[in-house]
Ligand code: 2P0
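Consider the single chain below, provided in structure tokens and representing the form predicted on its own.
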Amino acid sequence: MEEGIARAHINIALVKYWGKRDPSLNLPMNGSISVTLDHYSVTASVVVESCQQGDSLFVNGVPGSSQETQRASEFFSRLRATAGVSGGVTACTTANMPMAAGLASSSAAFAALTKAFALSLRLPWSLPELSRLARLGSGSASRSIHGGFVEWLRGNRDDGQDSYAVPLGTMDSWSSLAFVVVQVESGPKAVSSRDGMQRVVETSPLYQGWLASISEDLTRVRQAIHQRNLSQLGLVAESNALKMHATGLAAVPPLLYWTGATVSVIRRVQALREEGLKAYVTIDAGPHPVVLVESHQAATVADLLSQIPGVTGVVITRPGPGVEAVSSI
């Protein structure tokens, strides 16, 4: 019996993952590009005991809910099958962010759990294999295996072996870029990303238009990252995020993750841009805007956005590392 401990960071998508072509394997309808952020992380410990029956999960020091534990147990069953082992898992996760609130907590959690499981059994899983396996817990977790800028390949195979994430740039490759995370709520969102994207795929008349636009967005974001072009990166990321949320507004019933403060932040960022400041907003499946900005202007932007009614917190962060082994939780 050996304890594996790993830490992973959340990632924010610049070209969003939105829709699954195979829900059981979390295979995406489209490719996506993200950046891993250094401030928010989940640390996970895993112990696999051959004589233990069943799995247990602790989240921030308390037993996980029945839904959380079931989801984790199903995930561990897949990891056990891949590793060819049996026994129960005892897992603990500790996060420095609100969970299930639209801040991509699951991307960090399942990436950390995958690495911790491998460490507990001394499994020599490669980064592509870790990414494929983390994807089974949460699609976006495939991207948090790597640091910096990351592309999750859509893939074409039915078994998902060609759907995993690859790095596009390290955490240090764009040192002048910063992100201002604007928190507008503290509680969990009413509709999960998993349920929300399924509703959109099944009911939104705008969804096919979304898919048709992705190839160009991916190309332009890759170019922007390679050229360190914040204007191009920001404009495409903002457009892509607004398109994604538009598909939700057109779903049946409508899917609206935003609050009034979310809209106010979007409008303020766009006004700042009209004033000559390079600032661009993206939003995952939740209410919290993330603003792309030059690092020397991050504090100014953070201060201005913190004054908007309904904003509960503002954090400045930068590109962060991939999943890594740690000595303690």
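Start at 1 with the first residue shown and count on from there. These figures come from a predicted structure and were not determined experimentally.
There is another form of the same protein, the form predicted in complex with the ligand; it is not shown, and what comes next is about it.
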property: Touches the ligand in the predicted complex: residue 140 (any heavy atom, 4.5 Å); result: yes
property: Distance check, residue 255 to the ligand in the predicted complex, heavy atom within 4.5 Å; result: no
property: Contact test in the predicted complex: residue 9 vs the ligand, heavy atoms, 4.5 Å; result: no
property: 4.5 Å heavy atom contact, residue 285 and the ligand in the predicted complex; result: yes
property: Partner-contacting position among 91, 116, 197, 133 - heavy atom within 4.5 Å of the ligand in the predicted complex; result: 197
property: Option touching the ligand, based on a heavy atom within 4.5 Å in the predicted complex, out of 243, 228, 71, 222; result: 71
property: Interface segment, criterion being heavy atoms within 4.5 Å of the ligand in the predicted complex, picked from 277 to 285, 59 to 67, 299 to 307, 38 to 46; result: 277 to 285
property: In the predicted complex: members of 7 to 28 within 4.5 Å of the ligand, any heavy atom; result: 13, 16, 17, 18, 20, 26
